[in-house]
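Form predicted alone, single chain, as structure tokens, below.
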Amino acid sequence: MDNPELQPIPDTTEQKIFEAAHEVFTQKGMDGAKMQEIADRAGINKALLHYYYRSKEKLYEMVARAIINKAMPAIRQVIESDLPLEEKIRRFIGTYIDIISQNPYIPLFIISEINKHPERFFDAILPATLPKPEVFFRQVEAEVAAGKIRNIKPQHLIVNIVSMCAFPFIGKPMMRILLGMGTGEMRIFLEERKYEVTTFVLASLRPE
């Protein structure tokens, strides 16, 4: 008689494994994650988890690729679009904050894994096709040359935008303490960041 622990996993179980692994890996990284904890969160036994994913590394790569691949297409679509610069900035900020709000551990996850396992992150996880910042850079340089915005290097502009969008999520525990906000208040605050960051960035670009 076949071992019931080694039967093929139904799609619903596969989804539970992915969701559980997503939670554990994004919170603890690959090194801190335990297969037993993933199995427990998925509501299955460890033998069944190992049947489908032979190693923690393989499961990690699947989850990490899914996280990054979910974010990249939306960001790339905005960055490489033909939108006017101001509208592109508005949409980029809105899209970026929306993505992180739905996956709040993404910034810390990426920073942690690049620092701990740079070769694996860049070789096995990061998509081959990334957003092309050169499109955005040329657009900024053209606006500067036309006198429509102040003289600013596009590299500094994109770093300013990403930093202001990402930091409240990276420093969320500290921000909650510093601002004295509960979970609901913090959620509203992070949603307000779209308007605040957009307004700040556009004001900073006015010609001198």
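The model shown is predicted, which means the values in this text are computed figures rather than measured ones. Counting begins at 1, following the sequence as shown.
The next section is about a form of this same protein that is not shown, the form predicted together with a further copy of the same chain.
- Message: Would all three of 110, 114 and 204 be in contact with a further copy of the same chain in the predicted bound form, where contact means some heavy atom lies within 4.5 Å?
- Response: Answer is yes for this spot.
- Work out which of the listed stretches, 57 to 65, 178 to 186, 138 to 146, 43 to 51, brings a heavy atom within 4.5 angstroms of a further copy of the same chain in the predicted bound form. Going by heavy atoms within 4.5 Å, the stretch is 178 to 186.
- Any non-hydrogen atom of residue 72 within 4.5 angstroms of a further copy of the same chain in the predicted bound form: Looking in the predicted bound form, residue contacts with a further copy of the same chain include residue 72, since a heavy atom lies within 4.5 Å.
- Query: Counting only non-hydrogen atoms and a 4.5 angstroms cut-off, does residue 36 reach a further copy of the same chain in the predicted bound form?
  - Reply: Because no heavy atom of residue 36 falls inside 4.5 Å of a further copy of the same chain in the predicted bound form, the answer is no.
- Item | 4.5 Å heavy atom contact, residue 197 and a further copy of the same chain in the predicted bound form | Although a further copy of the same chain is absent here, residue 197 would touch it in the predicted bound form, with heavy atoms inside 4.5 Å.
- Message: Is residue 193 part of the interface with a further copy of the same chain in the predicted bound form - any heavy atom within 4.5 Å?
- Response: Looking in the predicted bound form, residue contacts with a further copy of the same chain include residue 193, since a heavy atom lies within 4.5 Å.
- If we check a further copy of the same chain in the predicted bound form, which of the residues in 150 to 168 reach within 4.5 angstroms of it by a non-hydrogen atom? Stretch hits, in order: 150, 152, 153, 155, 156, 157, 158, 159, 160, 162, 163, 164, 166, 167, 168.
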